[in-house]
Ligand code: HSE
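Quick heads-up: it's one chain on its own, the form predicted on its own, in structure tokens.
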């Protein structure tokens, strides 16, 4: 059977998983590709490090990128290094040396997709990137191929397994954030510096990619409104549970009157809804198409073998020629104009959960409801608990659920309430979703 020589740049966790699949399941992959995917080279930083693969053939590992660039047998390269540089430079070098590229680097695509895709097109090369969003979930292929008969109306997703694992630990085991993060780091779900995961940046990068695929919009991920796990405490998780909701870090993209709403924020999702039931280090995405209706995708959003599965699937498609067809026709990150306007976050509409610690004295509630009314915010429910023995003296927690209103009015009302002398400075406002 004909061989397609492939290489791996970056033999970290995912790269090692890719090598395992190529070496241990070559016959199975060949049946799907119609040719043998022959692992020719793998670029590593440390040649002496044990890769944990018993049957890794001699001569495959190299610490010299030039051995891959100059090898004209190699036609497909799995680009599995993170960050922006040197990842960007290396991808350009691979393309310019005549290689088709498969990547899992969502940050690179979110920041430099236009440059990289333009360069690939000019060179007659391709870039496949299924593993960049959702780990093992085939969401890229579904949006770019299976949904092409639809206008996608909305897309909502839990796109960061680290944050979801932490939230699950907090809600199901009652752990404070710091302890839940410590467990996530110990189990390998969180980096030593988890900032990009927990502050919403990683999710925003993925949302920028999905929004481009689904709606054609090109946006700098840094322009997407995002708020992370710093926006609430375990007390909010407990109150949400009592109200029949779970808090999830939710990415949202939806068409409103032919304009696009995009944001990442902790959101109360009603129990029983598919996204509310996503637990642990899993990802999930709901998509609504005008023809197909509601669809739900769920699976492991990270980890060695789920992500390696997506990478190797892209390598098979590239070797078989399918990527070339879709890459050429989709014209992703091209100069094609998109007519969709972005809705400023302040003008988005939603329901809100608001929590305050207020003085236990007459007139406070009427002051707060008066402020909400002054901002044309209708109240869905109010819960005022009696003070617990451990709480601040003469203070009671007050939880308000609103009907739909604009983000700008909700924020102005929230600030005005927080500035009342009878309200404690620790106040929280979260979005609410019924879907």
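Residue numbers count along the first chain shown, from 1. These numbers were taken from a predicted model, which means no experiment stands behind them.
Quick note: we don't show the form predicted together with the ligand, though the next part is all about it.
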Of 209, 74, 190, 332, the one that lies within 4.5 Å of the ligand in the predicted complex (heavy atoms): 190
Position in contact with the ligand when the complex is considered in the predicted complex, options 289, 350, 161, 266, heavy atoms within 4.5 Å: 161
Contact segment among 340-348, 140-148, 161-169, 118-126, judged by heavy atoms lying within 4.5 Å of the ligand in the predicted complex: 161-169
Non-hydrogen atom contact residue 106 with the ligand in the predicted complex at 4.5 angstroms: yes
Residue contact check: residue 302 to the ligand in the predicted complex, 4.5 Å heavy atom: yes
Distance check, residue 100 to the ligand in the predicted complex, heavy atom within 4.5 Å: no
4.5 Å heavy atom contact, residue 197 to the ligand in the predicted complex: yes
